[in-house]
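So this first bit is one chain, no partners, the form predicted alone, shown in structure tokens.
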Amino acid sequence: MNDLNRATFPAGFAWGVSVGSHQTEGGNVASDWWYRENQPDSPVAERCGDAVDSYHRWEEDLDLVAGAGFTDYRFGIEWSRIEPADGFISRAAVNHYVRIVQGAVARGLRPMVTLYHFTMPQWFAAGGSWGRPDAAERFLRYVDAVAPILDAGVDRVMTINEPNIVAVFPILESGAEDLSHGIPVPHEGLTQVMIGVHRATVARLRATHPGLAVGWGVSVQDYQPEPGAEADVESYAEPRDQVFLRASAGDDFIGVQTYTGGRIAVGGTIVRNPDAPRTLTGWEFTPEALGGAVARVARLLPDVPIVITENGVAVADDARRIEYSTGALRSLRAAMDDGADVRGYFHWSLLDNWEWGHWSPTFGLVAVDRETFVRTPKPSLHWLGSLAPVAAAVAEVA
């Protein structure tokens, strides 16, 4: 079944795993999500709580990553820990993340950090969130505060995780639409705010940390046309992801985060296959979506290197995870053979973790006992790690 090997991808190709801060750390008591989860009438089905205790067990997590053969590690910096109160910067929190970066480097891993992964300090949210007039200014203050973390050996920085999903949050919270039929059209005002914050952050980091590679990670589904619907794919995709992709022109890389796909019919509606196998999230099991999404991004941004910052599948049977990843990586290699400039692949996720209100979707290469937090590697961890491309003396990142 598996014809992949260490030579499938080029030397120096980033071979990593991704985790999110709030989803794994636990105890992010100053964040907006913690506040939302713990309200008496909370719409969040299951609390994150202690998550999987990665705040204290990060060394175990790094040992798993390095021990399996991976070369790169993507994790999040939790803004609400760095600045739990307006204007107060926690040196202890900054130093905590410095130690994680140093620990990754000591294990031979290249750290990538995400500055904003869906969570923010409750004080920022209560003051208007991204709609407040000083939103970009306040975010840049946080970006400046994490300078010691970035200086400790960070390789790449993602400014915002899935800005197109962030721009959908107001629609999801209103109950007007959900994600069962694909990504709704994002809120136009918030779309422009996300683009503005990203561009301001890229400019700040280039001024203060010129050696860093900076980009962001966009949620990109693979949209394929039904007969005669080629133009409809463009009109369907433009507000949902392409406006965000276009805003990446000139960045050091564009992060692509792909899990599934769908077909677009004439008139611009998405068509789901009722007979397709489904994952634990209800998405279609479409491994080849990764190659299709990458090919579209490469056509749109031919001069911007691509990094797959998330790709994976929520399944209970780990053999299905290996099956999915095998198909996804084959499709990625095919897109590269057709000219896509792809510099790395990060699997989502290292750990079975909290998935934004639910514990049941298991994306991890490692199972976690939620009572004891004991980590148990699945066969997929060492299988995927064994495919790490051969090392290069100097790996280009941009």
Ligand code: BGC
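This is a predicted model, so every value here is computed, not measured. Numbering starts at 1 and follows the sequence shown.
The following text describes the form predicted together with ligand BGC, which does not appear among the structures shown.
Shown alone here, residue 321 lies farther than 4.5 Å from ligand BGC in the predicted complex, counting heavy atoms only.
Mapping the unseen interface onto this chain, residue 37 falls outside it, with no heavy atom inside 4.5 Å of ligand BGC in the predicted complex.
At a distance threshold of 4.5 angstroms between non-hydrogen atoms, residue 356 is in contact with ligand BGC in the predicted complex. Within 4.5 Å of some heavy atom of ligand BGC in the predicted complex lies at least one heavy atom of residue 117. By the 4.5 Å heavy atom rule, the three marked residues 28, 80 and 123 all fail to count as contacting ligand BGC in the predicted complex. Listed stretches are 254-262, 84-92, 298-306, 100-108; the contact stretch with ligand BGC in the predicted complex is 254-262, by a heavy atom cutoff of 4.5 Å. A single residue from the set 155, 310, 222, 232 has any heavy atom within 4.5 angstroms of ligand BGC in the predicted complex; that residue is 310.
In the predicted complex, 161, 162 are the residues of 148-172 with at least one heavy atom within 4.5 Å of ligand BGC, listed from first to last.
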